[in-house]
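Given next, in structure tokens, is a single chain: the form predicted on its own.
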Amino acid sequence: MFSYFIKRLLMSLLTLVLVSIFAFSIMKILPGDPVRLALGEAVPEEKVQELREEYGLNDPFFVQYFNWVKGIVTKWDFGRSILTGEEITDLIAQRLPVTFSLGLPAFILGIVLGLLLGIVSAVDRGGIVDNIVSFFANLSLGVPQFWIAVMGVYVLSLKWKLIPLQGYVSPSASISGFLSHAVWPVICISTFIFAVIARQTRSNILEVIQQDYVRTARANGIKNSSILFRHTLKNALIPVVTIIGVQMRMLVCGSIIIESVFNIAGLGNLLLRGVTSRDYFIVQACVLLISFVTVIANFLVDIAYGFFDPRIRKSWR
């Protein structure tokens, strides 16, 4: 197991390095000068070059990349915003808890509903519950998130006055305020997670119950509940674990669209601001942070495979 763990860890680190290079280089190859955008066209070229020198933008590519990575690793310093001069580390520290407080409940809600309704839907194949779950899962996948968010605001806020129109309240400031502001954004974020997991769970269970060992267990008189939870569900959840790992990025990036619709100052909104304003360092920091969580999630998924699949567990020895 130790060799398997080390191998996966090294692969994760290599992936993170490659992603950091990609995130750092993609903004460099885009046309336009971020310093010129920040200062405006009327500013003399000498002032532009002075600011470029201050941010190290005149250095060779690999020198800039090395200094950026060195600052993150040694001092947890992502640099400063070109437009405002703010420390990006401080911006992330302010916005990450906001996104996390919305992403975590949405992540848990989507997984719980997806697994439960996916199992019930598979057991009731072709029945009323199956048709209802399939309808809402397909609807959640087919309808854009921003439409669900806007329609919810229109009905729940403007018509029925049940929730605030927009904004965010920290749970440390007011639990009731947080719940009233967060309930609809959390539901909107969780809809996609629920839909993907429910469909995948249902499909996998229906596939597994057709296997010979399940039919044999049923022929031997084993209870259906025991077949489902002891034999079917464990094997059916292996692909679902992969999907859950991929969705873990929602914990840090949330939903850019949802944060924009509800005017929530989260990490997704910060990333959108960096992209639209061509603020190099903000985009690089956000992409690297999201990639880091995604790589860690994939690493945990690889380890979790061994607990569901005995064949992988044997390779650990």
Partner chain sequence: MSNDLVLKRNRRRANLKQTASVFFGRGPIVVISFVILLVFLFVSIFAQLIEPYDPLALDYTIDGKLQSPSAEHPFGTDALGRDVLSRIISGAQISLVTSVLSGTLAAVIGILIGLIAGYFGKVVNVVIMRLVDMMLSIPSLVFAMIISFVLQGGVLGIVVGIGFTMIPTYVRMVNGQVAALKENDYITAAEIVGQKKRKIILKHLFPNCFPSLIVLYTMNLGSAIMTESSLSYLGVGINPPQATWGGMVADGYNCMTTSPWLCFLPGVCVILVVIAFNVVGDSLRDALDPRLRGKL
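Numbering follows the first chain given and starts at 1. Being a predicted model, the structure only gives us computed values, none of them experimental.
Omitted here: the form predicted in complex with the partner chain. The next part is about that form.
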The one residue among A219, I175, A93, L158 placing a heavy atom within 4.5 Å of the partner chain in the predicted complex is L158
None of A265, V275, V48, L57 but one has a heavy atom within 4.5 Å of the partner chain in the predicted complex; the exception is V275
Report whether the minimum heavy atom distance between F22 and the partner chain in the predicted complex is within 4.5 Å. yes
Might M11 be said to contact the partner chain in the predicted complex, defining contact as any heavy atom within 4.5 Å? yes
Does at least one non-hydrogen atom of I256 fall within 4.5 angstroms of the partner chain in the predicted complex? yes
Is there any non-hydrogen atom of I227 lying within 4.5 Å of the partner chain in the predicted complex? no
Any idea which of 74-82, 131-139, 234-242, 114-122 reaches within 4.5 Å of the partner chain in the predicted complex, heavy atoms considered? 131-139
May I ask whether P144, W147 and T294 all come within 4.5 angstroms of the partner chain in the predicted complex, judged by heavy atoms? yes
Stretch 151-170 - residues with a heavy atom within 4.5 Å of the partner chain in the predicted complex: M151, V153, Y154, L158, Q166
